[in-house]
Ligand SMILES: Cc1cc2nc3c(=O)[nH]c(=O)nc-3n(C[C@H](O)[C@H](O)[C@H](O)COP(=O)(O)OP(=O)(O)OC[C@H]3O[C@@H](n4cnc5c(N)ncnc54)[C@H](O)[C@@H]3O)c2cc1C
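Okay, so here's just one chain, in structure tokens, the form predicted on its own.
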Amino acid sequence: MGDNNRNFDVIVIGSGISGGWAAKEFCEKGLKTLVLERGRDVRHGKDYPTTNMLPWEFEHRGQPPYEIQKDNPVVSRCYAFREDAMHFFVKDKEHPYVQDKPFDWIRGYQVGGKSLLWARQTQRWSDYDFEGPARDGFATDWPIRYKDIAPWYSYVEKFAGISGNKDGIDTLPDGEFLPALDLNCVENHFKDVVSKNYPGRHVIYGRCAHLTQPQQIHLDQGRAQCQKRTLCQRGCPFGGYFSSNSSTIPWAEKTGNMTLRTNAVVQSVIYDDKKGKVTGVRIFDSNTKETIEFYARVIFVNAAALNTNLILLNSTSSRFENGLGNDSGVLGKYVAFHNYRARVSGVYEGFLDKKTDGRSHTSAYLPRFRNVKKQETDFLRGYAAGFGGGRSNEGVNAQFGVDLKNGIDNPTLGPWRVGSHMMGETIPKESNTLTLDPVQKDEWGMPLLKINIDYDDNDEKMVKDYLEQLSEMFAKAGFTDIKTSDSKQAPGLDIHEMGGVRMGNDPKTSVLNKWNQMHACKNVFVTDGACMTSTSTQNPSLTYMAFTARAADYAIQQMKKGEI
């Protein structure tokens, strides 16, 4: 490949939710953009092999075969790792890492990354979240507030397509919404009970990235209305939910300004000591086994939180001996995640006259209600919670032959079963670290990532409080057979890892400034989960999208001024 083919205006590392947005923004503005994806190509519609398969067409009835489960103990713990979607997941043995402490690293290496697999929940942050570290004294102060990101939330919501209600809750600001679907009857019942009995607590429709009523901007993307199939993890042939594959990547591609290179494992970002700036990216082509360098004025690192840390830690030079931009020494530290360990379940004997099973592609959502206005518990911060109710056809249980057929033809819906899961904020700690193994390398020449991340006493207290509070709320709603559980699952299975390359006002305690720009390398930006200063309780992908669009806009302005 000649030099002329290796020079671009911008290089974007990664094609997932944030990388796709970076590609869209730069290509729209006429900048020649190289998108590097370490995995294979996945084209919208064309490469969703199971999307229209019927249940009986799956050889193992939806379950991964025993041999695959045995060979993949980590990824098999993920709820979406099933026969219809396991081809979108990284297998354990193919991409090893070192667990100093147990950590379930769930990955999707392909064009679109995990945007093909995400749960599509899109809740905005509020100032309670951005001001949390400064108020509560953990982590470091966020360099921005809600007013800085609010217009960018609106910008990405309109393009992605978010369904929701205007709920008027200060802890969860309203957005640019398509019409919401209805909660089912038992979810509405729980909503009413909570509203009447718990001031300051809310049960709402979980805002989600589904096209309930497509607008022209969505039709222009080639997307169509969500069909409510609830088969999202297979890849949606309608583009009914937002993914890089159905939305931002093809949008960038049609500008003619995007070059997408797959099987490109980024080894490092290149810092030129003589020029005093970053000049490009070094990759290993997993097909040809070549090492190749590409060059650009601006680099956006969007490889997903842990891989972004890995790349930057491996990007060393005489100027940055401990990782690119790591003057503060905090690169790879203060990593956090969401605590999903706790669950509460129950049964509701009401609404038995209803003819619905209550199935939906989203659920009800309880925004954080602990320690919001003041510190009221013995733990910092709080938790949000999901809530859902549904019924199964008990007429087909343990039946075969004619009885099974009759049960399907004449469904007998059982009682409503309800459940809630916790989404707890964990506190970023210096002891939660990502480092490079000094000896072991993978087949692409990269040091193995060593992950040393754990729960703490704050998390244990939060789990206890969640189980107590939700059990009480369930009882108040008339639910019976209430059961609590703590899975004790390792960090990582939440798939919301954040931090390591955090934002901050002070270059001595952070890596990035308020524009997601490296303090020490002005032409390098990080806008995926690695940039997060704290985690809050909301699902984070919408915030990554907004950060990316905002940072790209700033980078374009700086390029025009000749500042970078």
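This is a predicted model, so every value here is computed, not measured. Numbers follow the displayed sequence, beginning with 1.
Although it is not shown, the form predicted in complex with the ligand is what the next lines describe.
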| item | value |
| --- | --- |
| Listed residue (Gly346, Gly390, Pro133, Gly108) with a non-hydrogen atom within 4.5 angstroms of the ligand in the predicted bound form | Gly108 |
| Heavy atom within 4.5 Å of the ligand in the predicted bound form - the one residue of Val418, Ala303, Ala252, Met422 that qualifies | Ala303 |
| Full three-residue contact with the ligand in the predicted bound form, heavy atom 4.5 Å, for Gly16, Arg38 and Arg120 | yes |
| The ligand contact in the predicted bound form: His496, any heavy atom under 4.5 Å | yes |
| Non-hydrogen atom contact Phe400 with the ligand in the predicted bound form at 4.5 angstroms | no |
| Exercise: Tyr544 in contact with the ligand in the predicted bound form, heavy atom 4.5 Å | yes |
| Distance check, Leu331 to the ligand in the predicted bound form, heavy atom within 4.5 Å | no |
| Location of the ligand contact in the predicted bound form, chosen stretch of 288-296, 307-315, 179-187, 407-415 [non-hydrogen atom, 4.5 Å] | 307-315 |
| Members of 188-210 lying within 4.5 angstroms of the ligand, judged by heavy atom, in the predicted bound form | none |
